[in-house]
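To begin, one chain is listed below as structure tokens, in the form predicted on its own.
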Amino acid sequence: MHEHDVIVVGAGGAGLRAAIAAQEEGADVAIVSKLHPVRSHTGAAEGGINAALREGDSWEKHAYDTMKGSDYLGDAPAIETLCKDSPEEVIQLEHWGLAFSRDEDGRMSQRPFGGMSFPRTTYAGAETGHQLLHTMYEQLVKRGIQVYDEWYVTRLAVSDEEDPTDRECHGVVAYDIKSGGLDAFRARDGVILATGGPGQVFDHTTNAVANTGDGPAMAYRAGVPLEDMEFIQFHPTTLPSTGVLITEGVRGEGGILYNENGERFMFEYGYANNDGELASRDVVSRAELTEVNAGRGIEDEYVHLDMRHLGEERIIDRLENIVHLAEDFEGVDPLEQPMPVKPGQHYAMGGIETDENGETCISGLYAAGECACASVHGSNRLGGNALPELTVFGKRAGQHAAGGDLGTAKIETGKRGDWETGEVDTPVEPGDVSAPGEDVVADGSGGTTTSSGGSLSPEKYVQRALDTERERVESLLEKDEGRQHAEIRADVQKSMTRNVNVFREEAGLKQALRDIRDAREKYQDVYVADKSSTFNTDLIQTIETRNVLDLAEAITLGALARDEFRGAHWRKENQERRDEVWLKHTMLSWEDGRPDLWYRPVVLEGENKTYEPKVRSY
């Protein structure tokens, strides 16, 4: 058993920043990651980091744009924390050596991004995430922080009190991909989940194949609520053949969207009369699909994004890697031709419920980055707000877990304070299909083991979780026949892309729940064909598929329950935002193997003002 003060799960931007912050607080910290840090998906972020750095801009303006972009479902304490702390974090990255693009006067360049009232997106060409990841990894190496890379965390070690708000997290269990062994990691002070998004729930996504929502699924099964899972961002410009992202920076530099008729449809058809291509991502994605559905799409699938008029010098200076992506994956030279683009799953606004310090309702368990929901983005994230979220909340989670004093959080977690029960009419019973008591209750704490009422020592909770996980992995490897995970996962991905996409309707959402239920039943018969002990990707992906099923169901349940149109969540039957009913967060808790739906009010009271919901137009 390995022991450290703070264990960080995941080595992307949020995990690296958390580890650095925890170490600066004096903690013995280690990162446990299924990928080497510089292979983390943060490296695929292209556009930039929003920060109010210049005269004429302010954190208050950034906060207002973010709250408006969230369609008034963001929590003001989290949004204001992001916008206040982001300038300091950007300057810190610059001091650490991140090679931001520069203006002629030497200042860091900033470009316009969708939904922003000021050009505040700081960038490093079109590879900002790549440079951020390497810059922070250098700091990790410099500080000698322990990294257990290619260790896949599969279970949390959590105590098993009946009320999740009474539970404590004492560590994690991880599978050593190189050797095939399982081992435990005890955290004396805290565990920070920084595992990224759930993109592999969908079959057309900008996300890496490793993005299977491991952190949210593990936290959910251990008793932490999932918040606002229905809000999935579909990026308007992905390459049709692969889902590879084409940065919003192309449109920020002046790129133009055209339909099959050569019309600049964002203006021609009134989708965004003021901001055009720089409306928020949900608006542009719906506009593109509306054009395709109206028969004005190219090959009935995509539209064109044209940046030829920017000139070769400007394109190569600021967007060079976009040229290579279009050439490599679509065979198009964007210096000479427009690029084909269509919406693709990109980002989850929802995730593990946390406060603005990154802490969950389970003592000692934290989350930061895309796997978490503070809630900064509400129902729609603005481009350029993901990378500052990684650094700001990664830092805060690391500081708090290591004992730093960040003050009392204003955002509540768990079923405490003001909340209300919810109901949703489903065509099938959601949740685990196992018999009651079979590895479905608080499985971070052992699942099948009889409750101890929180009486075990921290070491024994960690050991118990390790023993339980060994039993599970051995049972998967012992079976010689059954169904393979790839078939189960593919069916769910196709159903989610078909039924829980940009445009949603009740019948499709209910069909998705039926498909997920069918997949859960098939998963009961899953087996691992590859019995090898080293680099067994078949086993890893089989475990990941369980997480995909849990999160697909959570996303769909939230989408079915929220019968309004808000941000990225469009419902055919409900074409209006209903503030009188839905200014609240959708919450799901795992109760005895079944998802329990409840709601918490949005916090619109900021430091110096209350944000009043207004019509969101661009």
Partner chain sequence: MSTQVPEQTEEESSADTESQSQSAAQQARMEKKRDRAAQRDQQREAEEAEREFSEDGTYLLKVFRYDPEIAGKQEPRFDEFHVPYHTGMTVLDALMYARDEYDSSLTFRHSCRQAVCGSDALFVNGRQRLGCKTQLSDLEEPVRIEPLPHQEVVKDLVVDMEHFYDQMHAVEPYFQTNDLPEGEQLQSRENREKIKMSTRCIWCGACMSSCNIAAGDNKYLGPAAINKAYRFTMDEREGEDMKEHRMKIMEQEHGVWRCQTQFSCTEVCPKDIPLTEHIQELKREAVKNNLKFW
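Positions refer to the first chain, counted from 1. We call the rigid core the largest set of C-alpha positions that still match within 1.5 Å between the two forms. Values in this document were obtained by computation on a predicted structure and should not be read as measured data.
Just so it is clear, the following notes concern the form predicted together with the partner chain, a form of the same protein that is not shown.
> Given a 4.5 Å cut-off on heavy atoms, tell me which of 166 to 174, 215 to 223, 311 to 319, 530 to 538 is the interface stretch with the partner chain in the predicted bound form.
It is 530 to 538 that comes within 4.5 Å of the partner.
> Which one, 335, 91, 406, 456, lies within 4.5 Å of the partner chain in the predicted bound form by heavy atoms?
Flagged contact: 91.
> Please pick, from 76, 210, 182, 382, the one residue with any non-hydrogen atom lying within 4.5 angstroms of the partner chain in the predicted bound form.
By the 4.5 Å heavy-atom cutoff, the listed residue in contact is 210.
> With the partner left out here, check for me: in the predicted bound form, does some heavy atom of residue 484 sit within 4.5 Å of the partner chain?
Residue-level check for residue 484: yes, a contact with the partner chain.
> Taking the shortest heavy atom distance, is residue 416 within 4.5 Å of the partner chain in the predicted bound form?
Result no; residue 416 lies far from the partner chain in the predicted bound form.
> Using 4.5 Å between non-hydrogen atoms, is residue 141 touching the partner chain in the predicted bound form?
Contact check for residue 141: yes, within 4.5 Å of the partner chain in the predicted bound form.
> Heavy atom to heavy atom, is residue 36 within 4.5 Å of the partner chain in the predicted bound form?
Yes, contact at 4.5 Å.
> Is the partner chain in the predicted bound form near all of 189, 468 and 471, within 4.5 Å of a heavy atom of each?
The answer is no: none of the three residues contacts the partner (heavy atom, 4.5 Å cut-off).
> Out of 100 to 122, which residues reach within 4.5 Å of the partner chain in the predicted bound form, heavy atoms considered?
Counting only heavy atoms within 4.5 Å of the partner chain in the predicted bound form, the contacting residues of 100 to 122 are 100, 101, 102, 103, 104, 105, 106, 107, 108.
> Does the distance between the two CA positions of residue 544 reach 2 Å or more between this form and the one not shown, the core being superposed?
No; residue 544 is a residue whose C-alpha shifts by less than 2 Å between this form and the one not shown when the cores are overlaid.
> When the two forms are laid on each other by their rigid core, does residue 298 show a Cα shift of 2 Å or more between this form and the one not shown?
Result for residue 298: yes, a 2 Å-plus shift.
> Say whether the C-alpha atoms of residue 111 and residue 302 sit closer together or farther apart in the predicted bound form than in the form shown here, given that their separation changes by 3 Å or more.
Their C-alpha distance grows by at least 3 Å in the predicted bound form.
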